[in-house]
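In the form predicted on its own, a lone chain appears below as structure tokens.
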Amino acid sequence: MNRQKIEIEIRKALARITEEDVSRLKADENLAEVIGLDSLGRLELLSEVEDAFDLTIYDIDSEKASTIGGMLEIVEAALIENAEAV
């Protein structure tokens, strides 16, 4: 799966959780500051992303999970890790 498709799925999940228009958010913007996503919201986002990609994310860096770009890195790493485990 390519990077753009992963980002689209992350944005869809984020929009469902926050009920905000996240299409204009920059990948490096802090989600807590811009749309008020708290730590519980980040966990919910991670759960939604895990479901969307049928994977388990073990290594959660809360600093990375605070931006769309960071979430993208987390998902990419998990996809690689899961592929190597097969």
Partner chain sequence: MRIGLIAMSGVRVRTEELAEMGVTLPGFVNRGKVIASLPSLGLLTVAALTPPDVEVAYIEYDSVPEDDAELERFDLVGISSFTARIEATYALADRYRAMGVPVALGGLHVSLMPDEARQHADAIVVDGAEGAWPELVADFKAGRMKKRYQGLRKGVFAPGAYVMPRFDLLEGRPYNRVTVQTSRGCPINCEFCAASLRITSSFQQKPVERVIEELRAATAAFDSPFVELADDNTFVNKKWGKALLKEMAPLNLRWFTETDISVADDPELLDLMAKAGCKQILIGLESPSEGGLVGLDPHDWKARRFDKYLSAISRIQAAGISVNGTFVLGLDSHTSSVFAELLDFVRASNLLEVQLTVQTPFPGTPLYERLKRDGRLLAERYWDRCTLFDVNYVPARMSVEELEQGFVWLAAEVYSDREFNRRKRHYMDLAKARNGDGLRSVA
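As the structure is a computational prediction, the values presented were derived from the model and not from experiment. Numbering follows the first chain given and starts at 1.
Unshown form predicted together with its partner chain; subsequent notes refer to it.
### Query
Do all of 1, 29 and 75 end up near its partner chain in the predicted complex, with near meaning a heavy atom within 4.5 Å?
No, the candidate spot makes no contact with its partner chain.
### Message
Does any part of residue 20 reach within 4.5 Å of its partner chain in the predicted complex? Heavy atoms only, please.
### Response
Result yes; residue 20 sits at the interface with its partner chain in the predicted complex.
#### Entry: Sequence-ordered list of residues in 40-56 near its partner chain in the predicted complex, where near means a heavy atom within 4.5 Å
Heavy-atom contacts within 4.5 Å come from 40, 41, 43, 44, 46, 47, 48, 50, 51, 55, 56.
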